[in-house]
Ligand SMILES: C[S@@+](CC[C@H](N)C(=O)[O-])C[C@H]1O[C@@H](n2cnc3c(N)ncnc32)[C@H](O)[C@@H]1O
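To begin, one chain is listed below as structure tokens, in the form predicted on its own.
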């Protein structure tokens, strides 16, 4: 879809999201047209449409937004288009308005933000940083059974809970993963499946009340290439066709595991 054909933004009504383009167009107060959020060449960038949907439903204009895995700055740019105050952190900042910090130890006070968005590494598929402390260097299907990866993500999720105000919202965008077993016979389908989404959901349940789960159809160009599709069939594995978008609410005055089933989270007043 060309830039001139981008459809107008609208809030999606179902739990199945298929975004029409990676970015959207918007004009600032001076009438200048902005056609991109983040960096189009950044591997693993979050679709800006996804972040826009979340902010429209779960934040107000004065709400402070934080992204601890800010990458190329997509969340910052979406917040600016909507007039939301924002701070983005990353171990390897790619531009001056992204602050250097580890998602497991944010330089923020307790209960100081209104919305937390995370799009963390999904195991080791992308080389995000040379920093040895990068969570993206931890294998969710490694020899340790993924313990180091999930321990790191447990700390990051707990940190998100710490800085978030009570009765406010947290969202995490993630995909499961699979890797072929070395030396496996062709067509055997032998490999390691990493249910990263389910594992992180279980961790989040210890801190938050679930609001909903969105399935976001992946628009990865690899999925449309015949050679990738042919290989997936011949080798008996699946290409990842969707991401999870978990939406949670911090409700510290409700007993987790009990109130989670009996409480219907409300949308923020506008």
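The shown structure was predicted, so the numbers you read here are calculated from the model rather than taken from an experiment. Positions refer to the first chain, counted from 1.
The discussion below concerns the form predicted in complex with the named molecule, not included here.
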Sole residue of 90, 159, 77, 114 within 4.5 Å of the named molecule in the predicted bound form, by heavy atom: 90
So the named molecule isn't shown here. In the predicted bound form, which residue out of 167, 94, 179, 155 has a non-hydrogen atom within 4.5 Å of it? 94
Hey, in the predicted bound form, is residue 66 touching the named molecule, heavy atoms inside 4.5 Å? no
Residue-level contact is defined here as any heavy atom of the residue lying within 4.5 Å of the named molecule in the predicted bound form; does residue 135 satisfy this criterion? yes
Though only this chain appears here, would residue 200 touch the named molecule in the predicted bound form if you measure heavy atom gaps against 4.5 Å? no
Taking heavy atoms and a 4.5 Å cut-off, does residue 103 contact the named molecule in the predicted bound form? yes
The named molecule in the predicted bound form: contacting segment from 190 to 198, 116 to 124, 80 to 88, 141 to 149, heavy atom within 4.5 Å: 116 to 124
Along 35 to 63, which positions have a non-hydrogen atom within 4.5 Å of the named molecule in the predicted bound form? 42, 44, 45, 46
